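Only one chain comes next, encoded as structure tokens, the form predicted alone.
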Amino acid sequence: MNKMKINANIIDSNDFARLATHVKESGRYLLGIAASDERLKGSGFKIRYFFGGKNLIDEYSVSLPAGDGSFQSISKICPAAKMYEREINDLFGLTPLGHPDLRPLMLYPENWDFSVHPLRKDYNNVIPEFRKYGDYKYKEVSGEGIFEVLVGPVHAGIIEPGHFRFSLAGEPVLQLEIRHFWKHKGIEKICEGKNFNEALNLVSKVSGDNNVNIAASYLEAVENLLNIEIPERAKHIRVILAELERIWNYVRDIAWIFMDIGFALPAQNLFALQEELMRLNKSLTGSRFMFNALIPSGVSVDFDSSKLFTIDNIIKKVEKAIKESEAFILNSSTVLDRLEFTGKINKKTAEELSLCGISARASGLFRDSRVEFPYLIYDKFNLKPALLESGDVFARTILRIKEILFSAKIVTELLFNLPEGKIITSYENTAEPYKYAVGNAETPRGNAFFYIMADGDGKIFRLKYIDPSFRIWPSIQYGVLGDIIADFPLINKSLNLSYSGNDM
């Protein structure tokens, strides 16, 4: 069991607002903010800030007395905190003083009573009565010749809802404002009082195409809470499944980028390869998305020699196809013309927004949970994920190619070094009351972060999940600036963020 070192600090809200500058300058970046209502155990409200760095997480815990409904915002110091603080204002009714933008984030003014805060423990699960349409104030760009183009929230395809409001002068985009959370599912509230197996079945499916890696993050927290050490064979199988998930996600992503620039043939070749990979998933786990393959204490599937041989053959096919795709990109001026300098997110923006995964690494910012917060057996590899500096669609595409080859190498190495032994271990399904733990894993989109606190009965008192998409969505508003609106689908595909993971 990997024990992530957490440096815990209890601090006053006003003091932390001043300390945040020092934390940021020290090179730590915001992993997430988790608020909780702990009035039932006499602790009032708690806001826990988690800042990450290599092999260490700094936690700063701020206590608010039961009657105090405010805390100091750090959004002006740490822009990545802005969305979290708006979320806390909505769901807990705690006001971040000095926040630059306290418009509702998840509670819609069209049909919500703002005296009701769903993540308070005394919320009675009753949806407020619809009374009248409210008014959401979008940001405006004024000036001669400025016009707006509204996209969504209902789209022509089968994707989930998201509203994109473009302000333009001629063709260049001057501003993009995004509004999500149209189908917020309330997963964190639903998980309260659930046991750890019940919650796993919910949280691993919040963004189904990243199911394995999200489950790995959740189980890291749960297995630390329950003091479970999973067998070595199970660790190896979890990593193989996680890297297979990364591979098929990136194959699909590159295919869609080809589609968006009008190159259907290479796209269809990769879509066919994706289908083979998903059929492999089904043969290995019984599910195309590998649902329920990871369980507390190990895995529910094992690999015999036949399955190992099949995986190896398909990995060889993936390597050949993806190298051909890379050569096609690098040798086609038409492709390069569409990808280079489009959707640029510079390193400073990536730092300020605490981006993660491909989105960060393409902008020259090293973020990879497999290296920063090693889990399972990742610390046994000499992992050196590639970095690029340009921060554009080209960089995000080429990094996916490099990542596929990197993951293929990991899988191949593990296939021929799979230890013998059990795939599950016995454990006691009880956690110390009000103990909490965190989990991290590197999904194909970036860091998946869990904060989980047990209640007095060993079930879930508070679960906070932060999907990489929640962190990364705001960056598109910067990536489109100066580009034309026709580039937006391509920029969006190059980040390939999850609506469902975001709106959980």
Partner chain sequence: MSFLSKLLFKNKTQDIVSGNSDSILIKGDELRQSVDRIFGRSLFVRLVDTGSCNACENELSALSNPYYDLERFGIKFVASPKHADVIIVTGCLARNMLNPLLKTFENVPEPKFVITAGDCPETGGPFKDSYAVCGPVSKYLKVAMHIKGCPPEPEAIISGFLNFMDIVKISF
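Note that the structure is a prediction, hence the values are computed from the model and not measured. Residue numbers count along the first chain shown, from 1.
One more form of this protein, predicted together with the partner chain, exists but is not displayed; see below.
Remark: P161 counts among the residues lining the partner chain in the model of the complex, judged by a heavy atom distance of 4.5 Å or less. In the model of the complex, the partner chain stays beyond 4.5 Å of every heavy atom belonging to Y250. Although the partner is absent here, R279 lies within 4.5 Å of the partner chain in the model of the complex, judged by heavy atoms. By the criterion of a heavy atom within 4.5 Å, P153 is counted among the residues contacting the partner chain in the model of the complex. In summary, the region of this chain contacting the partner chain in the model of the complex, judged by heavy atoms within 4.5 Å and restricted to 372-380, 410-418, 167-175, 105-113, corresponds to 105-113. Using a 4.5 angstroms heavy atom cutoff to the partner chain in the model of the complex, none of R18, M83 and L97 count as contacting. Between the options D312, E351, E275, D302, the residue in contact with the partner chain in the model of the complex by a heavy atom within 4.5 angstroms is E275. Checked against the partner chain in the model of the complex, the candidates N269, T430, N195, N346 yield a single residue with a heavy atom inside 4.5 Å, and that residue is N269. Using a 4.5 Å cut-off on any heavy atom, the one residue of 472-504 that reaches the partner chain in the model of the complex is S500.
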